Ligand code: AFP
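Next comes just one chain, in structure tokens: the form predicted alone.
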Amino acid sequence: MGEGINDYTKNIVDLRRHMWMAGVEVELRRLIWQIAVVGKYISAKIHEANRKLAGSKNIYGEDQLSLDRATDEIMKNQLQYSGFVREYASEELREITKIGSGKEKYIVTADPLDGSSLVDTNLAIGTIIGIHKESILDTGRNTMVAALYITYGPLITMMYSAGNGAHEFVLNREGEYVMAQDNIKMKEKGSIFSPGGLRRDWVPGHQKFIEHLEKEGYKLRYSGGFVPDINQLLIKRGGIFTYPALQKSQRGKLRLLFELQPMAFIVEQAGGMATNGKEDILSLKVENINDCSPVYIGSRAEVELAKQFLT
């Protein structure tokens, strides 16, 4: 029996070992590992906030804003002296911040706590990270070398890609990220859809697209959180998430730098697609850190079909 346990532990692949075997360059894998560790601190902060909220009659909004700021500070402070990051951009900051000496190799974009409004409802939320080597503004091309997201739910999981596929890891009881699924591949066509925005605000082409999915029997799966909804598509191997252009907001709601680009990078590495309804998300020019875009992201068949309804 003891030999069986030893054989099992030998076959466990943790995050650091996986990145080494995948040939991820040394500095990049150290940075990814450090961000994964920051996820542990953020998870602890979320649990601390929920304990404070239990039985409280205070207005939650103030606690939510405080939690957003706190998680951003955790991320920025942990990266500041890493030796790998020269610039940091976050949903919580108004501009790109220099945090290194200027000689470091990477720029990090972060949505430290995506879906923070769901914390009090005990639904899954997450952290979204993009890692770039070059300027993140005004390029009109993809400068990302890696991306990851962490899901804080019944399990803490991390999905990462360094341009070598999309891989899922779960945080175990010993505090190690161990492989759950390697090289995830989405099906050409899925069966679930996650539509954001109010139906009354949808533009006609988008409404017809959603009605088509409903007629085809697609299952509605929408949590209100970008991280859990994208994670669902990857784990279930297909479907589509969309937050469209709205009648009064043609650029949609989700931010290119902090949410859409990293998720597009990961989904494309899993064989999926991500567009604004016409152009690939990773080809869009970002002129301001707060730029938003409509998004259709998921299986190739559904994303291509959306284009037909939107032209």
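Just so it is clear, the structure is predicted and the values come from calculations on it, not from any experiment. Residue indices: 1-based, along the sequence shown.
One more form of this protein exists, namely the form predicted together with the ligand; it is left out here, but the text below deals with it.
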Checklist entry - Does the ligand get within 4.5 angstroms of any non-hydrogen atom of Gly239 in the predicted complex? => result no
Checklist entry - Is there a heavy atom of Gly190 lying 4.5 Å or less from a heavy atom of the ligand in the predicted complex? => result no
Next on the checklist: Residue-level question: is Gly163 within 4.5 Å of the ligand in the predicted complex, judged on heavy atoms?
Outcome noted: no
Item to check | Partner contact for Leu254 in the predicted complex: the ligand, 4.5 angstroms, heavy atom | outcome: yes
Checklist entry - So which of Tyr222, Tyr218, Trp202, Phe84 reaches within 4.5 angstroms of the ligand in the predicted complex, heavy atom to heavy atom? => result Tyr222
Next on the checklist: Quick check on this chain: which one of Gln232, Thr143, Ser117, Gln207 has a heavy atom within 4.5 Å of the ligand in the predicted complex?
Outcome noted: Ser117
Checklist outcome for this item: Per contact check vs the ligand in the predicted complex (non-hydrogen atom within 4.5 angstroms), the hit among 271 to 279, 22 to 30, 35 to 43, 255 to 263 is 255 to 263
